[in-house]
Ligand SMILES: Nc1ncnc2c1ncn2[C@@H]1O[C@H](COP(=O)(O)OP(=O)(O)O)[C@@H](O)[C@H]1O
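Coming up is one lone chain in C-alpha cells, specifically the form predicted on its own.
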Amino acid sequence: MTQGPQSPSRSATGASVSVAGVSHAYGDVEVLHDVNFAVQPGELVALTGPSGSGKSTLLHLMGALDRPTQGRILVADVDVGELRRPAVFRRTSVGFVFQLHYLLPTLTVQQNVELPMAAARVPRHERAARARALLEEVGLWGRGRALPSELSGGERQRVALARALANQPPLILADEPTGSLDSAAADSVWRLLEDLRRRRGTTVVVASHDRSLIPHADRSLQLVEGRLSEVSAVQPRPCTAER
C-alpha cells in the first residue's frame, strides 16, 4: 500500500519520537510545562505519574489527537502538530490502547479487530486473515466469533491491543491499559506488550499511575504537575524485531 506524504516511514524497529519544549494549556490552565525527551525506535517507555499530572494529555499530543500549545513533537521525523490530515496519520501510524477498551459491543471480536483495516481500505480477505493472525498472537485464537460481553476484562484488553496493531503501526500509545484489571490480568497484559514489542520491534509508550509497570520497560519517565521530573533507565537493551 502506498503511504501518503504525512505518514512516517516504517521499519522493523518502529518509530522514533522526539518531544521538544512541549507545553500545553486548556484555556488558562497549563497542564504540561516545557517537556523534553526522546524515544528510540523499538523502545518500551513507561510514563508514570499521579492522576492529573498530564500523562494522558501528552499521549494525545504524541498521537495527533491534539496540538501542543508550544514546542514540537516528531514521530519518525513527522511534526504531528503541523499535520493537515491528522486522522490519516492516526489511522496508519499510531495504535491506541485505552483503559476502557472501547470495543463495539454489537460486533464480534474479529469484526472489532478488522474495523481499523476497513477504514484503511484493506481488502476484505486480507482483513480477515490479518485479524485471525493477530488474535492468535494475543492468545485469543478461536474467540473471533465471540462478542466482547462474553470475554473477561483481560481478554477484552487483549482484543483492544490486537485492534491497535491491525494497521501495523510503528508506534503504540497505551493510556492506563491495565487500570481496570486485577493484578494477574494486568501482569499478563504487560508481558504481552513486552513480547509483541520484542517480536515486532514496535515502539511502545505506556502511561500509568501504577509504577509496577516500570520493571517491564526499558526506561521510565515521571511527570509531576506537568513537568518531567525523573528519567531512569530500567533495562537498557537494544531491541530489534525478530525475523
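Computed from a prediction, not measured in an experiment: that's the story for all the values here. All residue numbers refer to positions in the sequence shown, first residue = 1.
There is another form of this protein, the form predicted in complex with the ligand, and it is not shown here; the text below is about that form.
Student: So in the predicted bound form, does residue 69 come within 4.5 Å of the ligand, heavy atom to heavy atom?
Tutor: The answer is no: residue 69 has no heavy atom within 4.5 Å of the ligand.
Student: Can you tell me whether residue 200 touches the ligand? I mean in the predicted bound form, with a 4.5 angstroms heavy atom cut-off.
Tutor: Although the ligand is absent here, residue 200 would stay clear of it in the predicted bound form, with no heavy atoms inside 4.5 Å.
Student: Is there a non-hydrogen atom of residue 178 within 4.5 angstroms of a non-hydrogen atom of the ligand in the predicted bound form?
Tutor: Close contact is absent here: in the predicted bound form, residue 178 is far from the ligand, nothing within 4.5 Å, heavy atoms only.
Student: Counting only non-hydrogen atoms and a 4.5 angstroms cut-off, does residue 54 reach the ligand in the predicted bound form?
Tutor: Contact check for residue 54: yes, within 4.5 Å of the ligand in the predicted bound form.
Student: Can you work out whether the ligand is within 4.5 angstroms of a heavy atom in all three of 21, 37 and 45 in the predicted bound form?
Tutor: Heavy-atom distance to the ligand in the predicted bound form: none of the three under 4.5 Å.
Student: Looking at heavy atoms inside 4.5 Å, which stretch does the ligand contact in the predicted bound form, given the options 186-194, 55-63, 37-45, 214-222?
Tutor: Result of the contact check: 55-63.
Student: Need the contact residues for 23-44: heavy atom within 4.5 Å of the ligand in the predicted bound form, sequence order, or none if there are none.
Tutor: If the 4.5 Å heavy-atom criterion is applied to the ligand in the predicted bound form, 23-44 yields 26, 31.
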